[in-house]
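Consider the single chain below, provided in structure tokens and representing the form predicted alone.
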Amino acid sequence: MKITRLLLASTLLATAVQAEELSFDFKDPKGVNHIVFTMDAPLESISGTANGITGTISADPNEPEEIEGKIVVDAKSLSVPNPVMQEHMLGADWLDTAKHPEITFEITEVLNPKKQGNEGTADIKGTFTLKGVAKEITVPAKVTYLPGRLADRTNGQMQGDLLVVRTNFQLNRGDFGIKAGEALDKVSDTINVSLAIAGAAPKK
């Protein structure tokens, strides 16, 4: 009887632990999620945005190191104010979005996690893929879990939780085969990336 009770308790505990993991969808129906990128060269400073963000992150709010998933950006959603520059950026000589329609970051490991209340920080290691070239990078991230706040974001239309991910990091376009070493006076090799995106876990 004691063994039966022990097994039952273990099963209930395992179920409770598994129930803590939530899946957050980063396809934002409001269209608010976006990425900001800047390139500051000696002759020109370029800044733009990308809003075609999708992907899913699974996370246990009680265990900041238990995060996995993938963020996907529609490369054609990258936008800069100058229309000629926009055409060049998306064209075959630069991002070649016709052949490489997605920019992705897939989480492989969470390092140095720290948690205080519903907020956590960590160094997120993952595989970043741009123009068909995959590189392992590590980015600092701040993750905020907002239980029950999906209703506030959707004006009461949906119930559930939110996960907000914030990060700033740098890439070198030359590492991804984007005109390496060319036009550096006008287009910096260093790309500064900033994002604050929210994922939703609706309650069923």
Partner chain sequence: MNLFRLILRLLALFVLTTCVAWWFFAGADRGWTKTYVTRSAVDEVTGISYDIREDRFVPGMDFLVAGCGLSFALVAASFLPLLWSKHKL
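Each form is matched to the other, and the largest set of C-alpha atoms that superpose within 1.5 Å is called the rigid core. Quick caveat: nothing in here was measured; it's all calculated off a predicted structure. Residue numbers count along the first chain shown, from 1.
Not on display, but discussed next: the form predicted in complex with the partner chain.
In plain terms, the part of the chain that comes close to the partner chain in the predicted bound form, with a heavy atom within 4.5 Å, is 156-164 out of 131-139, 65-73, 170-178, 156-164. Contact between Thr49 and the partner chain in the predicted bound form is found at the 4.5 Å heavy atom cutoff.
The partner chain in the predicted bound form comes within 4.5 Å of no heavy atom belonging to Ala183. Though the partner is left out of this view, Lys27 does not reach within 4.5 Å of the partner chain in the predicted bound form, counting heavy atoms only. Contact between Met85 and the partner chain in the predicted bound form is found at the 4.5 Å heavy atom cutoff. The contact with the partner chain in the predicted bound form, taken as any heavy atom within 4.5 Å, belongs to Ser79 out of Thr121, Ser79, Thr127, Asn118. Taken together, Glu20, Leu90 and Thr104 are entirely out of contact with the partner chain in the predicted bound form: none brings a heavy atom within 4.5 Å. Looking at 139-163, the residues that come within 4.5 Å of the partner chain in the predicted bound form, counting any heavy atom, are Leu146, Arg149, Asp152, Arg153, Leu162. Residue displacement note: Val36 has its CA displaced by under 2 Å between this form and the one not shown (rigid core superposed). The pair Glu44 and Lys179 is at least 3 angstroms farther apart at the CA level in the predicted bound form than in the present model.
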